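In structure tokens, one chain follows: the form predicted alone.
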């Protein structure tokens, strides 16, 4: 290794691997929890017309005011709560970690969203794991509460529903964690369009609760727009760390346009929920698979022992890309995860899977 690199780059950064996104050209892409439905053509024409007035020679509106107004109406965000926009939820996680850092502890269940651990490392914080039960990925609440008391985390992230397991944790368990936590608890509701519960209405009940969401699963992944909802006293502090003009002009125009027509994307989410149920039933009827219930737009399943890698490779040979989770965490041994696609994509995935399993 270059001696200057070794001298200047922190050892924990050198030990990391860059976030890898596999190429998907020409494949049925069911690996990244995206909404498979494009914007309807009539809506697309109106969107393009809205973009024509974009003043690209000027910096973006600094706070994304139009987007925040549209979010408040479309997502029924209480007037008592403030909104902070991020370049994806990743940036918001980083802002939170930078704000409370100074060598503190971030906690999150594992397996969960990989960026919680990665951003803890990037910001010089310590990551501590909240345990899940191996049979159903539910929170091991007694052990979780013991670890919270031991580590006194400044930040706890709870993906609700969880990625990659797809399950909702018991609301009562989350409430116990909110009551026990000495720092902030962030409910990451990235998959809210497909779920049946939210803590957005609980923000007034807990001084240490924030809710984080993204428009990526809503059907706007290309915009890279996340938002954090919580008390103004908290968000005013985080806003000091947010880089200027972090939400570009085209994203602001596009997001505000789409949110004013949110019923179109809600209808797409409804279709995905129905297709999720059909896909779950089909997977559950395949011999040798253990399929886990999901409140998100993906389904986790366990293959016969030792076959996950071969099945993943066989699917890829047939032009279907899903996510191989085997090897990423002990609880995900032999597991694969498939995003719910269009009915035709789901059919072709199931055909390929039956062929891959022999």
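Numbering follows the first chain given and starts at 1. Here the structure is a predicted model, which means the values were calculated and not measured.
The discussion below concerns the form predicted together with a small molecule, not included here.
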- 4.5 Å heavy atom contact, residue 308 to the small molecule in the model of the complex: no
- Message: Please tell me whether any heavy atom belonging to residue 151 falls inside 4.5 Å of a heavy atom of the small molecule, as the geometry stands in the model of the complex.
- Response: no
- Query: Even though the small molecule is not shown here, does residue 183 get within 4.5 Å of it in the model of the complex, heavy atoms only?
  - Reply: no
- Query: Is residue 104 close enough to the small molecule in the model of the complex to count, meaning some heavy atom within 4.5 Å?
  - Reply: no
- Item | Candidate stretches 236-244, 250-258, 213-221, 126-134, one within 4.5 Å of the small molecule in the model of the complex by heavy atom | 213-221
- Message: Just to be sure I understand the contacts: of 28, 315, 325, 33, which is the one whose heavy atoms reach within 4.5 angstroms of the small molecule in the model of the complex?
- Response: 33
- Query: Which listed residue (284, 90, 275, 173) meets the criterion of a heavy atom within 4.5 Å of the small molecule in the model of the complex?
  - Reply: 90
